[in-house]
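Single chain ahead, by itself, as structure tokens, in the form predicted alone.
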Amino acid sequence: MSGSMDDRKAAILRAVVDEYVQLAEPVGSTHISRLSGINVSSATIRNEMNYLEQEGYLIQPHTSAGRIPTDKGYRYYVDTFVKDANNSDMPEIQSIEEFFTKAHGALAEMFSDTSRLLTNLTNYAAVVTGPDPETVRIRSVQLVSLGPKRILLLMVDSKGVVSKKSLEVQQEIDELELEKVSNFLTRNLRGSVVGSLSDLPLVENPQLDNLCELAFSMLKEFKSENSEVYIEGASKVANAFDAVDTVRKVLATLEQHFLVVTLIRDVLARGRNVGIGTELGIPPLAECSVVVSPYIVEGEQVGSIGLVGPTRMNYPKVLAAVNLVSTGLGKRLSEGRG
């Protein structure tokens, strides 16, 4: 950066971002001069805004006297003013806590509900990724009777996440036999990567062999659940853009789940919570920002939560929402482990 950003310039840049996010109109010096906290003349503000434009923080759309932030302007704003989004003043904090108190059911359902919660809070596209399947290993397997011929299969993985499926069996199996099969499966499968299970050695008892086979085939299906990505609210984020072409590009990109997951991992790998516009390196998302937060289970990063919205977003609010939801999900999964 060739010039230095003093407090006054920073305050003016902050005001331009805040006003533009709220009004969706280019912001002029007269408008800024009327705001409380900016106690200088509009001529001085105009000079400072010219400087900010020359330095690449603001841009003047050709049809307007006002200015709007560039990606560089948003980056300075996020790094300087939104370092620690304050969660405590979020009105939605109560509803987020209530959601996780009531949340239960299969992992897939929880991920899907969590992404819906986040999109409802922000009106942007929400992304929840499950654990990277390559890193997920089986910790224990348990079979529990649900009734005469119904059994619940529970698998706890190395991330502390519990996956469950219920299965029908041909004849009643007593608790002792269920325990034998549970112990056998845990002993033979502990440490195996979920979803890349090879053949299972058979036990002696033919009746239990069948149950082992059935349980084993169910365990193989857990892979898809773990590596899933849940995206909600793509159509909501589309409403943030006027240009039909932009809407089409953004929607087409969000449909490519692999690309979205890679994008979220890239932002986190750079040690950031926010990726802005052209920084994302994906041309169709040049007008979008991504806000991400990993969720932690038992002290280990398991997956991540993200929001995709326009670069013109309320960063403090969106960061606070993402942080609250990722904390809530991490806690809920930690409580749910076996």
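Source: prediction; values computed, not measured. Note that residue numbering begins at 1 and tracks the sequence as displayed.
Here the subject shifts to the form predicted in complex with the DNA, a form of this protein not shown in this document.
Participant: Give a yes/no on whether residue 332 approaches the DNA to within 4.5 Å in the model of the complex, heavy atoms considered.
Facilitator: Outside the cut-off, so no.
Participant: So in the model of the complex, does residue 293 come within 4.5 Å of the DNA, heavy atom to heavy atom?
Facilitator: Because no heavy atom of residue 293 falls inside 4.5 Å of the DNA in the model of the complex, the answer is no.
Participant: With a 4.5 Å heavy atom cut-off, would you call residue 27 a contact of the DNA in the model of the complex?
Facilitator: Heavy-atom contact with the DNA at 4.5 Å: present for residue 27.
Participant: Taking heavy atoms and a 4.5 Å cut-off, does residue 66 contact the DNA in the model of the complex?
Facilitator: Although the DNA is absent here, residue 66 would touch it in the model of the complex, with heavy atoms inside 4.5 Å.
Participant: For the spot marked by 253, 256 and 263, is every residue within 4.5 Å of the DNA in the model of the complex through some heavy atom?
Facilitator: No residue of the spot touches the DNA in the model of the complex.
Participant: Only one of 297, 274, 49, 285 comes within 4.5 Å of the DNA in the model of the complex by heavy atoms, so just point that one out.
Facilitator: Of the candidates 297, 274, 49, 285, 49 is the one lying within 4.5 Å of the DNA in the model of the complex.
Participant: Only one of 307-315, 36-44, 265-273, 285-293 has heavy atoms within 4.5 Å of the DNA in the model of the complex; I'd like to know which.
Facilitator: Partner-contacting stretch among the options: 36-44.
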